[in-house]
Every structure is written in C-alpha cells, then in structure tokens.
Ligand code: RIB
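Shown here is one chain on its own, the form predicted on its own, set out as structure tokens.
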C-alpha cells in the first residue's frame, strides 16, 4: 500500500530533484506540495515546483503557497546559491494556470485530519510551525516527519554552526522540535552530516544523460549554476544535493544510520539556527529526534538513478565505478 506524503519545500535546485525522486517512486503518493519561503521567495518557489511538475507530466499534483516570511527574523533567501530564478538560472517558462486558492496551512490541516499522512520537509519549518499554532490537533496527526535540516558534528553552511533551513527560521524549527518532544515523538533529522556526502558530480550527470537524454538534459540545465557555485566557494567538483536524500531515506531507512537524542534549536545570538544535539544526555530529556550520521552513498545513487530513469539497479553498473 502506498504511503501518503506531503512535501513541504522551498524550490530550489535540490528541492526540485527531491520532488522528481518522490514522483518517480511507486511506494509513495504525493498528496500535495506546500511551499515555504527559503531558497527562493514563496511565489518563485511555487512557480519552480510547477515547472518540475510539468517536466514530470504530473501537474495533477497540487501546489499550495505558504509562509512568505519567517516567524520572527527577517527573510534571507538563498538565490546566491540557487540562481536568480531559484532554479539554477535555467529560466524555464512559467507554467500558466494550475494555481490553488487554498493556502498551505489549510491544506496541511485538512489533509492531516483525513487519512494518515507523513510530511517530508525540505525547507524552513515555518509552515509546520504555523500549523502547530493554528491546529495542534492536525499537527499531532503527522505520521512521520522527515526534515532535511540541522547538523551535528558537521560545520554549518551559512554560519560556522548552522544549516540554512533552520538558520532561516530558527523560531519555527524550535517550535516544531519542542512540539515533537511534547508529543513523545521523534523527527527524522536528515542533516548536513549525511547530506554533505551526496555529491552529484559531472561524471554522474554525464552518465545520467547517456542513459536518458531528456531527464539528463533537464537535470544538467538546473544544476549547472549549482556546480559553478560549489566550485567557486568550496572548490568541489560537483554539487551537494541535500534534499533528495531526505526523500530517499523516507523510501529506504537502510540508507542512513544515526542515534536518538534530544535536540534543541538556538533562536538568537551568534549561534542562531544551531541544532544543539544532546548526544550525551546532559539534559536528561526524552529524545525528540533521530539524528542521522552515516549514509550509504552508492546505494543512494543507485536508488536515485533507478527511480528517475526507470531502470533496474543491476543495469546501472557504472555507478560502482563513478562513486568512490
């Protein structure tokens, strides 16, 4: 039986790849995509989601616009990383129509009060924090929450200690983690410790193109800016695609390993957005997160390629040679 999921995201290059992976996976049904301000302003993000849905021939999946600013701090986008259009400066044509009048929080509330549903959150947690404030009963019905965000031992990507999604709206992350603690539930924290290891290299891109020219060309188009960014700032030949790992982990828990811990979010000061992971139980509080620290990189790329290209793992023999 398919598991129903809502993807809450801020497209964004790697969000777009994650949406493609989710839509290509028969185990899950994407009930809708909710958009939050983050990598791109919220209306731009919604437009980018529709562009990806059009490429995937899945404009039947509804897109709902959510928070246009964080709860308390000023909004700071990541267009320097994702390009002026938020999609790698691919400047794909806008998809006309297919707009929904319902806002993201209303959709989340109605969906969660209906059938069992999980949430894969790929951006700041503002929409989910607003859901908790407006409809705590609906929030409590989230079957599972997989959040791409945070970091444990890895350094941050927008400050020495903070990952962007939680840094962009630390108050929202704090509310959501506290809510899970109160409900005696655990967030699956897919943070930089594992996502930093998922590097889409030029060789992998070329391999994808050789196997499926249409899909490969689309991925090349939206990631070129991202590759250039990573080379300029990190001298990395390739680009880190954080968000697809969150979807892949939802599909296959064998891909990542970690530990349970209580996690708190710093909301002010020099360490704003930091995930304070109580790995040694100083606080003596019940765990509210599963903090992932190890990842099977080759197995991720086997899954990613197999799903996007509709192929079998055994037919993707070059991944073993390309991914070291």
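Residue numbers count along the first chain shown, from 1. All values derive from a computational prediction rather than experimental measurement.
Another form, the form predicted in complex with alpha-D-ribofuranose (RIB), is not on view; read the next lines as being about it.
| field | Partner-contacting position among 148, 247, 222, 194 - heavy atom within 4.5 Å of alpha-D-ribofuranose (RIB) in the model of the complex | value | It is 148 that has a heavy atom within 4.5 Å of the partner.
| message | Using a 4.5 angstroms cut-off on non-hydrogen atoms, would residue 164 count as touching alpha-D-ribofuranose (RIB) in the model of the complex? | response | Looking in the model of the complex, residue contacts with alpha-D-ribofuranose (RIB) include residue 164, since a heavy atom lies within 4.5 Å.
| field | Exercise: residue 243 in contact with alpha-D-ribofuranose (RIB) in the model of the complex, heavy atom 4.5 Å | value | Yes.
| query | Does the 4.5 Å heavy atom contact test between residue 34 and alpha-D-ribofuranose (RIB) in the model of the complex come out positive? | reply | Contact with alpha-D-ribofuranose (RIB), no.
| Do residue 48 and alpha-D-ribofuranose (RIB) come within 4.5 Å of each other in the model of the complex, heavy atoms counted? | Residue 48 lies outside the contact set for alpha-D-ribofuranose (RIB).
| field | Which of 212 to 220, 197 to 205, 155 to 163, 112 to 120 sits within 4.5 Å of alpha-D-ribofuranose (RIB) in the model of the complex, heavy atom basis | value | Heavy-atom contact with the partner occurs in 155 to 163.
| request: Scan 101 to 117 and note down the residues that get a heavy atom within 4.5 Å of alpha-D-ribofuranose (RIB) in the model of the complex; none is a fine answer too. | output: Contacts from 101 to 117: none.
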